[in-house]
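Just one chain follows, in the form predicted on its own, and it is written as structure tokens.
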Amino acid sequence: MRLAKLTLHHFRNVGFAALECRGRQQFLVGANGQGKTNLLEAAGFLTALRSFRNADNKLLVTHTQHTAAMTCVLEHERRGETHVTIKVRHESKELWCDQARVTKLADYLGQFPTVVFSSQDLQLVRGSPAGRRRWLDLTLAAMDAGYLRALQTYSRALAERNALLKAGRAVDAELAAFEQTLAPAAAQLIAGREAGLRTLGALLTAAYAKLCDDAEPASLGYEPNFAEADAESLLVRLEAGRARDLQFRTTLAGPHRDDFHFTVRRTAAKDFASEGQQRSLVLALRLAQAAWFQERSGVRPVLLCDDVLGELDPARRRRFWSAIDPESQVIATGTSLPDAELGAWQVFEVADGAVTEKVNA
């Protein structure tokens, strides 16, 4: 897939922008805080109508405006030239594909994959389990409508059960009613995460070997809060934990407390890997995500690189570039232009939300 044109109206600090992309490499250059990442965020919104930065629609709409809009013209392997329009309001989203309104997200998922490489990705190694779970859920849901439905079902039932616990008036019958919904959804999430991380882990191992010349093995490991993966066992576990949950006024066990970890040379990367190794790990994770998206959808993802090239030393930068699918479109950002060795770029200058193509860059 290739993004041929991106038009934005009132998206964050971008009042209006129209980028017409030629070739496979585009570079957005400008000082920090000018809107480069906002443009990548809009392009990334294509995949699952979710921001890679946060989940609050209100932050995506320009202050004083009620609606943000983005229109994408895509060159698509399976659909040919495709037009996608997305409107974002404070409390809702609206999606059109080739002038037909799309009302079910499940009908849209998996068709327009993008992968974001961000300077914030280090937090996937160093940060909290919540950040890793969010990345994993967004990745799996983007390609699997069944996983998305299970996640939505689980999240709603969990919120309702926790509301009862917080009020301090929950009785067994009420808790049991929500547990009947929680348990099968939890089982589906655990199975999806286990299978997804197994595949992503193998792809990460291969990508990390390319980035580090096979110098050291890397892997992913799943840490489910529930070891049991069937609904009946999960029901028993939830019932057994009611007294403790009432004491703490929250649900203390379930997939909402899952985690996964990275290892390098069979040791925990969070504790023992160097900064260079950690950066290589998250790059390998994103390369694995891109390969998995292409495998699942049959569509080559657009790669969105947010201020990552400048943070790599020359050797890692060359290895990273050689590891990228040479047919993939890359849209990157930075405060200075990339090295000439990385090929020819179509360059856009970004200043205070305005975008101008730089001719003869």
Partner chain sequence: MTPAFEKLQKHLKQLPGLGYRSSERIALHLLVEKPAQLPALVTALEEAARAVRRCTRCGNLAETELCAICADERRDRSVVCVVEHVPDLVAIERSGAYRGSYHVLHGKLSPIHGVGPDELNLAALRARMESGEVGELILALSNDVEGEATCHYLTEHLPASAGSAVKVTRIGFGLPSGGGVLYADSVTLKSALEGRRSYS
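None of these values were measured; they are calculated from a predicted model. Residue numbers count along the first chain shown, from 1. By rigid core we mean the largest C-alpha set that fits within 1.5 Å across both forms.
Just so you know, the form predicted together with its partner chain exists too; it's not on screen, but the next bit is about it.
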| field | in the model of the complex, the residue from 256, 76, 242, 149 that sits within 4.5 Å of its partner chain by heavy atoms | value | 149
| Though its partner chain is not shown, can you say which of 143, 157, 116, 283 has a heavy atom within 4.5 Å of it in the model of the complex? | 157
| query | Exactly one stretch in 259-267, 85-93, 174-182, 219-227 has heavy atoms within 4.5 Å of its partner chain in the model of the complex; which is it? | reply | 174-182
| task | Indicate whether residue 198 is a 4.5 Å heavy atom neighbour of its partner chain in the model of the complex. | result | no
| said: Taking any heavy atom pair closer than or equal to 4.5 Å as contact, tell me whether residue 191 reaches its partner chain in the model of the complex. | reply: no
| Residue contact check: residue 169 to its partner chain in the model of the complex, 4.5 Å heavy atom | yes
| message | With the partner left out here, check for me: in the model of the complex, does some heavy atom of residue 163 sit within 4.5 Å of its partner chain? | response | yes
| query | If you line up the core, does residue 156 shift 2 angstroms or more at its C-alpha between the shown form and the other one? | reply | yes
| residue 87: Cα shift of 2 Å or greater between the shown form and the other one (core-aligned) | no
